[in-house]
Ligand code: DC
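The chain that follows stands alone, in the form predicted on its own, written as C-alpha cells.
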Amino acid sequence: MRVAIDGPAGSGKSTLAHALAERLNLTMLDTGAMYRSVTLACLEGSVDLEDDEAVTEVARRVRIEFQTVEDGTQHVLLDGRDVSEAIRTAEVDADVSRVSAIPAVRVAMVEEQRRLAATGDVVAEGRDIGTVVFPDAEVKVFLTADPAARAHRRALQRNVENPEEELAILEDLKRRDEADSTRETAPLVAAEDAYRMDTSGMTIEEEVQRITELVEAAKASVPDAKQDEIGFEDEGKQKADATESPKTAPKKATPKKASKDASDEDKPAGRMRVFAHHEPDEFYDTAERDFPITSRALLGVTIGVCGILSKTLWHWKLEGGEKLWKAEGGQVVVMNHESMLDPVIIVVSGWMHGRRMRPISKSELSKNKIAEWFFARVGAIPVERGTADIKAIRRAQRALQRGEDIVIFPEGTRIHSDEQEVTIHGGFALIAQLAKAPVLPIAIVGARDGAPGGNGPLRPGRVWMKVGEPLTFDQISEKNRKKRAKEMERLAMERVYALRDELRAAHPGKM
C-alpha cells in the first residue's frame, strides 16, 4: 500500500502523513526532509547552490535515514546526526526549492524513495509524489489551503508571535509556491486521479479520518489483496496492528542508504557512471540504455556471441517476429520453457531488432557473486519464487513503462516431457495489469532435444518459435481486477500452448 500526499508548503502534508502512518501502521517516508537534508549539508559545507554539479555530488554522497524513537516520533538523520530541527529553519526554507529543482538531485532522491517504498507499506509526502515518484500509488491526495492559513500554521510551528515575521513567512510561501509550480523538473501539480482536499478549516483528526476512508476504499476494490500481490496487508494483521500501542507496535525497519549512482530509470540524463562501483540492485532498477558503457559493451558482446553460437548450432527461426520487433512500448512476453536456450533466442532476436529485453530469472541463479554480477549486467531481473515478490513486480512494471520488454516463463521450470506436471505462475498478468502493457504469447519447440538444459546430451538441431497476437485487457469483459488478471493468465497460456501445437504440426517429431 502506497499513500501519496502532495501539496504546497505549509498545507499540512507532514503532520497529516505522520498521523496517518501512526493510525494505519505505515512507514512514514518524509521526502521533503530528504531535500531539506541535502540543502542543510550544502549550507554547512559552504557549497555554492548555483553549482548544480557540486550540489548533486552532495546529494549522492550524504546518507539520509529515518529513525522512530520510543515516543513514536520520527527523526531525520544526516550522516548519523539528528537534524530534525536543523532542517526546519528559515535558512533551509529559503534555499530548499533551489536544491530540489536540480534534475540530478531529484534523480538521486526519487531513486532512494522508490527503494524505500519497495520494502513495505508507506505514506509519502512531498510535491511530486503522486505524479513522479509513485504515479501508480493506490491512494493519491493533493492538499490545498489558503496561503494565510498555511503561513499561520508555519508561524505556530516556529513559535513566531510577531505579525511582521508571520507576514514574511507568508511572502516566502508565495515565493516557494511560484518556484515549485513553475520549475521545469517535476513541478507542483495535482495528479489527475488525486483526491483534492482543502485543509484550511479542517482539524488533523478530520483529515486523517478522510484519508483513512480513501485507504479502506482502495483496499475494498481489491478483495483478496494479499493473493493479488500488490502489497496490501491482510485484514487480520491490519486490525491486530491497529490495536497495539504506538509505543509498543513494531516499527518497520528503514533500509540502509543505497548507492546514489543509480539513475532514475525514466531519464537518460541519469546514466550510471563508468568505472564506479555499482550494486546489482542499481542494474535491476535502471534502464539498459543508462547502464555504464562498459556494461552495455558486455551486454552487446554477450548477445553477439550467444546469437552466433545458437544460430549456428540450432538454426532457430522465429515466425511472426515483427509482432515483437515493431511493437510500440513494452510488452510482457510469455513462453513455454524447454531449455536454457529459450531466453537466449528471444533476447537475441529482440535485441538485434532494437528491442531491450529483460528476462525475469529465478533468484537461485544469482546465488554466487560471479553469477549475480553477470546476470545483473545482462539485464535480468531476479524474483524470489514462491513469494509475493513485490520488489520484482515493481521493477518489471517500471521497465515496461519505460519501453523495455519483460520475458517471463510462467511454467517456472523447464518442461522436459508432456507428462510432467506443470504449475502456472500467474504474476505476469499482474505485472501487465499494473503497467497497462500487452501480453505477447510465444511458443518454442525443438529445444528439448539437445539444447542446453533440455533432454539428453548437447547436440545440434533445429528450433522453431512462433509469435502470437498480443493480448490486452481491453479484450477481457470481466470488471473485477483480480478476475481480469486470472482471465489474462488463462488466455495467454492457452494461446502459448495453441502456438506450440501449431509448430508441432508443422514440424513433426519436434517437441
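Just so we're clear, the structure is a prediction, and the values are computed from it rather than from any experiment. Residue indices: 1-based, along the sequence shown.
There is another form of the same protein, the form predicted in complex with the ligand; it is not shown, and what comes next is about it.
Among residues of the shown chain, R296 is not one whose heavy atoms approach the ligand to within 4.5 Å in the predicted bound form. Although the partner is absent here, R176 sits close enough that one of its heavy atoms falls within 4.5 Å of the ligand in the predicted bound form. G468 falls outside the set of residues with a heavy atom inside 4.5 Å of the ligand in the predicted bound form. Remark: Y35 counts among the residues lining the ligand in the predicted bound form, judged by a heavy atom distance of 4.5 Å or less. Between the ligand and the residues G126, G330, G379, P441, the one pair within 4.5 Å by heavy atoms in the predicted bound form involves G126. Shown without its partner, this chain lists E138, D180, E282, D121 as candidates; in the predicted bound form, only D180 has a non-hydrogen atom within 4.5 angstroms of the ligand. With the ligand omitted here, the record of contacts in the predicted bound form names 100-108 of 100-108, 288-296, 420-428, 361-369, defined by a heavy atom within 4.5 Å. Shown here without its partner, the chain carries A9, T31 and R154, all of which come within 4.5 Å of the ligand in the predicted bound form through at least one heavy atom.
In the predicted bound form, the CA atoms of E404 and Q113 sit farther apart than in the displayed form, by at least 3 angstroms. Inter-residue distance, R402 to R98 (Cα): increased by at least 3 Å in the predicted bound form versus the depicted form.
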